[in-house]
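Next up: a single chain in structure tokens, the form predicted alone.
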């Protein structure tokens, strides 16, 4: 039997199954839980916990896309999200006098476009370096934008920022209502996750992963390494901008503190704790981060500490993940499943 016949025999049954049949049962269970969560969860869980989880997950997803598929660790993603959020506040209606009050169908596309331009220009500067230098350049850009927004009053309204930045009431729905906002953020997170999965399997995504693994060889094959990396920054800005706009609508405000250095580091922590290798990782890391921060007072109270020690818990958890599972929480799950499968295989071989 030829190699082609063997490949057809191995891949034939898989290709004959529909995409619905290829989705694991666990994914269907998670989908059902998320869709019907408003039936059992209160407004606090829907709006504050899950809504914030989806938002942080999307911003972390943009970092995962750059680091996991492009090999570029960027501390700029919270800043990109902040640019989109600021554009919504500046161009649309808000409680500040400097806002222009334009219609939503102008504001939202403009926010995505301006954030993409910002990310593309920043990426063009950052991709010419590697490793720690990329991290330092993106951190420097994030710090510069933070201090610029804090000191500029004519456009960014300085230290006070913007308040009363509310989502438009489309289809007669108040999208800041906890249930409506939950489904809105869930839908956006699902679309962003699906987009990253699709892009990773597309020719561009495969070429980007080749650039990550061996840029010299990809350049020798005729690929423009710099263009692929800059395009990755532009694509990642879409996911970060989506999270940034939702974050502004959730808080109904934005200020320089929203995009500070601490927030940029938090996005890195979220992505690393969940896992930088798969798109699901940032959402897992975001859920862990949000639960720890929301319930930090209760958790720390059990050990006699104050809620101000929240960052200490996050730091210890981050160090533990980096030391014992560099690929994040998802790697621990994979190891556990591998042990279970190996044990079952050993029991099957030993059965009479």
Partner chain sequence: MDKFIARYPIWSLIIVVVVAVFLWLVFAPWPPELVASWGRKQIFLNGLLGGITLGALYFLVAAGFTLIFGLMRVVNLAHGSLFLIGGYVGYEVAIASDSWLLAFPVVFVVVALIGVLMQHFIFSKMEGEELRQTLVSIGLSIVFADLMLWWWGGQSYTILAPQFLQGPVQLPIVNTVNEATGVTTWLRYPAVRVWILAAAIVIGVAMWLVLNRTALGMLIRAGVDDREMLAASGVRIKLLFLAVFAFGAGLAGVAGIVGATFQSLSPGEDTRFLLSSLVVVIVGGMGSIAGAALGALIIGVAEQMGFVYAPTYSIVFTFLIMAAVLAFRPQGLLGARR
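Keep in mind that this is a model prediction, so the values were computed, not measured. Residue numbers count along the first chain shown, from 1.
The same protein has a further form, the form predicted together with its partner chain, not shown here; the description that follows concerns it.
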Legend entry - Residues 58, 102 and 250 all lining its partner chain in the predicted bound form, heavy atom within 4.5 Å: no
Inset, instruction - Tell me, out of 179, 110, 186, 139, which residue has a non-hydrogen atom within 4.5 angstroms of its partner chain in the predicted bound form. - result: 139
Legend entry - Option touching its partner chain, based on a heavy atom within 4.5 Å in the predicted bound form, out of 87, 272, 116, 165: 272
Inset, instruction - Examine residue 318 and determine whether its closest non-hydrogen atom to its partner chain in the predicted bound form is within 4.5 angstroms. - result: yes
Inset, instruction - Indicate whether residue 280 is a 4.5 Å heavy atom neighbour of its partner chain in the predicted bound form. - result: no
Inset, instruction - Answer with yes or no whether residue 159 is in contact with its partner chain in the predicted bound form, where contact means some heavy atom within 4.5 Å. - result: no
Legend entry - 4.5 Å heavy atom contact, residue 144 to its partner chain in the predicted bound form: yes
Inset, instruction - Tell me the stretch among 262-270, 165-173, 242-250, 89-97 that has any heavy atom within 4.5 angstroms of its partner chain in the predicted bound form. - result: 262-270
Inset, instruction - Heavy atoms within 4.5 Å of its partner chain in the predicted bound form is the criterion; list the residues of 121-159 that meet it. - result: 125, 128, 129, 132, 133, 135, 136, 137, 139, 140, 141, 143, 144, 147, 148, 151, 152, 154
